[in-house]
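Just one chain follows, in the form predicted alone, and it is written as structure tokens.
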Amino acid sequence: MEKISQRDAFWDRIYEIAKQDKDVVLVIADMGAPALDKFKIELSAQYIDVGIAEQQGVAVASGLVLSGKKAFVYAIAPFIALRCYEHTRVNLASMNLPVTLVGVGAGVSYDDSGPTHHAVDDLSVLRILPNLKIYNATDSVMAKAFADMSCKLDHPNYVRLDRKVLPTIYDKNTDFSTGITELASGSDVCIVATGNMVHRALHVSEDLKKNGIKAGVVDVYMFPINEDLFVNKVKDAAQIVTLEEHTLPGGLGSAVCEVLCDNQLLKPVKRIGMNFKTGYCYKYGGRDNIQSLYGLDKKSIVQAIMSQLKESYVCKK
């Protein structure tokens, strides 16, 4: 799985499932992938291309599910999440229809296409909808597992895939049903990350350990957050840092603060993400460049956490 994208891992598995289950139907908004080409040729009766009309795709999928089918709607992440928002709210969330929305291009992985293609506020708007769950893939192993999980759900869900090929973190036998995995333990600070930033969090954790800081890493890949498990994972950490390639308002950091507040677990929290106080990102130069502009590169994150820990130590003294 090291050389395959999350997109291809997900759709390759759906293709295999669909060959055995004729109720699995894909609704595509003019998108492509090698597995989708096979799907279109070999399983044409289970393949519907609505063209560049994502809203219509959600409407069609809703009708298919009401007819007993298992429907998947696929488009670029900001389009399937935001352009279709009212359709998702009314057709899926309000009626609790088990349609799977699949968006590729999490964060700024469409780094060459500008803010129209950046999925940096989709978590904020979708996680407030009732019944709908979000599955944010960390690697291709997880993306493949999400394909199997999506075929068994009884509620609407959004599978969020990165566009880039990322290193493999998880073993193929990992159970992802809990929505949370502790990847490293540490009592000084717990870095809570999601999506591609989990990879960055692991590297940051190693750098912090070289400076004598015990830094844990928790991967949150399901929203709403599994509250009981999350509290159990972070309760022993002195501080929490959230890390996301997403806007701060309403994103992972906000969700974490809500869980801590609702469970009366009071800890210092540092949110690290994209701050759009001056507007959306119109900068180019590649994903690494965009991340560095928003303090999401490894060096900036390490410095931010070190500063946070130092300030907390001074306050205690």
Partner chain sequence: MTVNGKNIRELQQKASEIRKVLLDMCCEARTGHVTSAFSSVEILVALYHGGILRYDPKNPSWEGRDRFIMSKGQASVLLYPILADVGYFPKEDIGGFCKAEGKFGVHLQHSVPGAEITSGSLGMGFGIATGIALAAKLNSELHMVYALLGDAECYEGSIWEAAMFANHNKLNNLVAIVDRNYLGVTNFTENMLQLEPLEEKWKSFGWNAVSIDGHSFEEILGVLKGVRSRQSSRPLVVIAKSVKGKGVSFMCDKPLWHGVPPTSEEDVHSAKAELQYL
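Numbering follows the first chain given and starts at 1. Note that the structure is a prediction, hence the values are computed from the model and not measured.
Keep in mind that the form predicted in complex with its partner chain is missing from the display, and what follows is about it.
Looking at its partner chain in the predicted complex, residues Ile48, Gln55 and Glu86 each place a heavy atom within 4.5 Å of it. In the predicted complex, its partner chain lies within 4.5 Å of some heavy atom of Gly63.
Its partner chain in the predicted complex is approached by Asn91, whose closest heavy atom lies within 4.5 angstroms of it. Residue contact with its partner chain in the predicted complex: Lys69 places a heavy atom within 4.5 Å of it. Leu260 falls outside the set of residues with a heavy atom inside 4.5 Å of its partner chain in the predicted complex.
Only one segment in the set 167 to 175, 188 to 196, 233 to 241, 92 to 100 has any non-hydrogen atom within 4.5 angstroms of its partner chain in the predicted complex, and it is 92 to 100. Though its partner chain is absent from this view, in the predicted complex it lies within 4.5 Å of a heavy atom of just one residue from Val269, Ala59, Leu248, Met31, which is Ala59.
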